[in-house]
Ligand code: ADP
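Before any questions on binding or motion, here is one chain by itself as structure tokens, the form predicted on its own.
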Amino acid sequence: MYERGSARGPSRRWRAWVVAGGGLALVAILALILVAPWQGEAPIEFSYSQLLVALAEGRVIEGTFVNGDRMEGLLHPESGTTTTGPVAFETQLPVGQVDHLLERFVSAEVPFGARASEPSLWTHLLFAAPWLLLGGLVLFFFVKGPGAQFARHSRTRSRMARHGRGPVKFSDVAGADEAKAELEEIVGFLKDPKRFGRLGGRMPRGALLAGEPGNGKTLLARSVAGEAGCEFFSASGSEFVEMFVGTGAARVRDLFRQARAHAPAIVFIDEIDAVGRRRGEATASGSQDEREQALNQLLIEMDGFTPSDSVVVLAATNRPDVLDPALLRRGRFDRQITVGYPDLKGREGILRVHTRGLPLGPDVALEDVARGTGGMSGADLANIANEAALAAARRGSMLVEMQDLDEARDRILLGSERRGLLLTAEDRHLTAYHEAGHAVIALVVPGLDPVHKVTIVPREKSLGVTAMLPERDRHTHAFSDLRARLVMLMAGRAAEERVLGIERVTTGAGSDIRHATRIARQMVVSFGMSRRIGMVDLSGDDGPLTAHTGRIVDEEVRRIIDEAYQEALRILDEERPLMDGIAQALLARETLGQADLAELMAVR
């Protein structure tokens, strides 16, 4: 794949600088030719006494006084030498001897004159400097500066990846089975468009991949090119929005011209919302006209295809709601494919893809890792595999074991451990009971996910964690499940109150309270789980709530949270021995796993 900064880039830059250097040297030579005179053979140095002797012998042909302190001239060579022609000489005159020398020249009847000295070489260079600077600026303008940009401004910056160089296949993409099924038809069209044309069908002209970042939209587009064995052109939507008017439209034309020349081909435009936003909307950058010109050209190019072109446009965005309706209509983007977060099976498949090259230990259970990563994207899962390999290397192990994967997941979800953070005995005691309160509710209340680990080791985002792993992905939540979740969230503050008293509770439950408030408000305004509000959706954009309705919503949210808090207090009072046992075990061992919690439950 040829990209900016690829192997061809340095050679082009080297050639450009060679051309610039050669041109600058040529300008320097021409400037010296025009400004500096050519110098002849260097004159011989004569002392003042030697000059007087030469005058007396009649060997001096002529002389010139230079600036009143130096004599230049010609003289006959001495007898017995091989030199036949006149010899140039130069003599530095002593102070106050100019008049005496004039008399000697007059008496010897030797012609003489006077002149000012000529500029030195440095003076010539000083006069030539503006010419050199001007020449350098001109060369820079055309080689590296705006002149080169004007010459290249209409060329697309797309990258072309040939399918023969490490193609990506559908087997390299996991966790997006529905999206792959939609794209398999496009692969069939690219491989054999005539097979579908026999029945009157036409090849899809485009497919829009929409979804949150990190879920593999670009990888899916590359896999289509790899499966079909065709060329793949990729570009970013922002590359078509420039300050020069007409640049974006010219780049769009150039991109599709290249794609047609290499058909069958795929054109992939990442973050298409940068250029495909709804027309008429003002932008802060003031580039609305240029963006709309680029969008209009894109619409024309996509509508101008024929089935024989064998060029398909794939685009990716996480904001399909802001795209122009003309771009989304059938005939341009015939398919709109949602690429969402992977489910449990998909996460396990993604982990298997990214751990294929890792030496996994016998205790590794990728299904367990997948259960503990609900809501993570493919990029997050790839990062877990990489962090696990780094954790194993830090331990000096030759195998990536389950503890490494657990550490990698906790690092991504909760942040790095802060073992250097020194907590007082009171802080450790409080944190242990806070997490013990969460753990007790999670262990005894039905409808909650199993507890995976409880720890009071400080991390970047918290001083302790009660981690639960879901047994399966949940797509709907019952009222009892949400209420149990609220009880578990409020149990940390309830445990603090029971141990320290209501006047000594701390800010440690702040994040739990925020999360509980968000769940309770959704129950009231979105899920119809409040008797006073009823089954009405108040979360839309139909305008702000009235003062009366807003007061009722606030009262219902507070009632639901208060009831959950009272329930947490009641359960902790009943299970006080279990809470004390978990807290004491945390103070002794800092981290409790499922086996440790099972032992404490057996004692209960």
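Rigid core (definition): largest C-alpha set, two forms, superposition within 1.5 Å. Since this is a predicted model, take the numbers as computed values, not measurements. We number the residues from 1 along the sequence you see.
Note that the form predicted in complex with the named molecule isn't included here; everything after this is about it.
Proximity of residue 434 to the named molecule in the predicted complex: non-hydrogen atoms within 4.5 Å are absent; the residue sits far from the partner. None of the heavy atoms of residue 368 is located within 4.5 Å of the named molecule in the predicted complex.
Contact check for residue 417: no non-hydrogen atom falls within 4.5 Å of the named molecule in the predicted complex.
Remark: residue 452 does not count among the residues lining the named molecule in the predicted complex, judged by a heavy atom distance of 4.5 Å or less. Stretch-level contact analysis of 387 to 395, 442 to 450, 211 to 219, 68 to 76 against the named molecule in the predicted complex, using heavy atoms and a 4.5 Å limit, identifies 211 to 219. The contact residue chosen from 413, 379, 513, 423 relative to the named molecule in the predicted complex is 379, the criterion being a non-hydrogen atom within 4.5 angstroms.
This chain is drawn without the named molecule; in the predicted complex, the residue among 486, 311, 183, 350 with a heavy atom within 4.5 Å of it is 350. With the core held fixed, the Cα of residue 490 is displaced between this form and the one not shown by less than 2 Å. After superposition on the rigid core, displacement of the C-alpha of residue 222 between this form and the one not shown amounts to 2 Å or more.
When two forms of a protein are overlaid on their rigid core, residues whose CA moves 2 Å or more are considered shifted, and residue 172 is one of them between this form and the one not shown.
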